[in-house]
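Quick setup: one chain, the form predicted alone, written in structure tokens, and binding and motion questions come after.
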């Protein structure tokens, strides 16, 4: 049996172990689709912000599609629609690249998929997609976590060869719970305590308790890299490595925050059996069936 380079939730103590995979897979000298300075920042810090990548007319169309989905699914009881803890406010809607033609086209946009192909040096497919909402006054926080830890343990993603892109549909201001990241945290894997409980995803999508780093690990990473808050205008794209630790505060302001979230995974990095003693998570959280590289559509700007 192959050794697991990233063991977590095995009952062992929490600790930080060095990353075993590249961050940028593109071969040296390959011309990047964006500035080399942005690529260098992504490699060094684990994320980059492409400010106002999408023009206002595109964002307006995405906002309209997002509002329609939210209204349509507000009272629908579905595993793909997650509500806020203690309320019926929509928190997340999953698998939007398959259910919405607008977001299907966005996932294929060359500005996004082309960048993912460059960073991962492979054909890519959507491992997971969703709309994230943080409504005014009642939008709850997302605690610190590495997505890869969950995707590895609960989905069976073998290597750190995936990238996340968050397309902002509203202005992300300092007060309405913008995405926060720990620069440099992608270079370490935070081994988490505990054992994954049965059907963990049913609770973790509202409030994650397993698969979160300990305060000691977080303090060490913050002391090394600091904290970064991604304040940006709508139409910006926050690109971050699958292993970068991130989270966000609650939103007590009247100003809602929403974004589209795509996870591009390398075709060579398709999921295997989960690295925990639990069945795989549902398809809307982790694509396993009919995996094909996504074609890239030319942007409309």
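Only a predicted model underlies this, so the values are computations on that prediction, with no experimental measurement involved. Positions refer to the first chain, counted from 1.
Not pictured, yet referred to below: the form predicted together with a further copy of the same chain.
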query: Candidate site 175, 229 and 251: all three near a further copy of the same chain in the predicted bound form by heavy atom within 4.5 Å; finding: yes
query: Contact assignment for a further copy of the same chain in the predicted bound form, among 130, 140, 111, 117, heavy atom within 4.5 Å; finding: 140
query: Listed residue (188, 210, 144, 103) with a non-hydrogen atom within 4.5 angstroms of a further copy of the same chain in the predicted bound form; finding: 144
query: Contact of residue 219 with a further copy of the same chain in the predicted bound form (heavy atom, 4.5 Å); finding: yes
query: Residue 261: touches a further copy of the same chain in the predicted bound form, heavy atom cutoff 4.5 angstroms; finding: no
query: Proximity of residue 198 to a further copy of the same chain in the predicted bound form, heavy atoms at 4.5 Å; finding: no
query: Per-stretch contact check against a further copy of the same chain in the predicted bound form, the hit in 161 to 169, 210 to 218, 189 to 197, 90 to 98 (non-hydrogen atom, 4.5 angstroms); finding: 210 to 218
